[in-house]
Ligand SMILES: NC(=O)c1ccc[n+]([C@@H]2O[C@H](COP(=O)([O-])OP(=O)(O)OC[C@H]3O[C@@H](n4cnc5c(N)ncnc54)[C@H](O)[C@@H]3O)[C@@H](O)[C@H]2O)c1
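First, one chain by itself: the form predicted alone, in structure tokens.
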């Protein structure tokens, strides 16, 4: 297929593009480039692509495309809370507009990167399935719910949206993010000797490696229509349903000499949920996630050491909110997060 991959210069897109290419697809990227320089290690070989803000996409960008994989978003809860209007403008309105353009251009499959955080304060009792009530507690998660609803309304006999509700990502990517839980805790452990947990450690988190997300999207891209059309899927593995305190212990085992410090200063995080991932395995026979939290912690620690992660880079270059604040302070982006000309 000729696949338009939005967010191809982001944390997940940088991992996903070569997986899609290796499967024989022609990948065309689309990215504003806001995080293209968040590099740890060698620069990746990006596919050819469009340097354009998601809000400025035109019909020309989806012409001749067989499928769209839509990753691009303001993908951070603190950022979403700081700028909720921008979050809804980019994550919701621009995403739905892209889907309409794709449908009108004859695109048949539209894989949408949603999130398990749509379940919000589901608690840590029974495993949450795709049919559970959606209780988003942040603008970021709320924007995902709105897009799912609007894409469902666009589905028809030709245009097939698929809602991929990813668990919280982890793992090394050449374009690193340090503001997601496992990546962050491993960095703190290496740089300070402490696995620093600011909550009380009790919230449940479902985690999934970036490479497993890429494999899941590649599988959904070519799955039979009846298996995935207009359906939501949780993406991850039950083995990686863990509490934040358990994640911290895994990190301490992976980083020799690090000790767990749970301050509890931010209290109990309302975002707590354990997730059932069986629907996707049933739809895609033979698929399962390959990475555990422990393996991911070891991989990250090795990459951080190998590529010389510094505290300044950890706190500034690989934290989404810090990158955008720096660009704003430098005057390279305007108050809508568009590049200044």
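Positions refer to the first chain, counted from 1. Not measured: the values here are computed from a predicted model.
One more form of this protein, predicted in complex with the ligand, exists but is not displayed; see below.
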> Of 240, 87, 250, 115, which residue is found within 4.5 angstroms of the ligand in the predicted bound form when only non-hydrogen atoms are counted?
Replying inline: 115
> Here the chain is shown alone; which of 39, 62, 34, 284 has a heavy atom within 4.5 Å of the ligand in the predicted bound form?
Replying inline: 34
> 241-249, 259-267, 138-146, 152-160: which one contacts the ligand in the predicted bound form at 4.5 Å, heavy atom to heavy atom?
Replying inline: 138-146
> Even though the ligand is not shown here, does residue 169 get within 4.5 Å of it in the predicted bound form, heavy atoms only?
Replying inline: yes
> Does at least one non-hydrogen atom of residue 319 fall within 4.5 angstroms of the ligand in the predicted bound form?
Replying inline: no
> Might residue 274 be said to contact the ligand in the predicted bound form, defining contact as any heavy atom within 4.5 Å?
Replying inline: no
> With a 4.5 Å heavy atom cut-off, would you call residue 53 a contact of the ligand in the predicted bound form?
Replying inline: yes
>> With the partner left out here, which residues of 177-200 have a non-hydrogen atom within 4.5 Å of the ligand in the predicted bound form?
In response: 177, 180
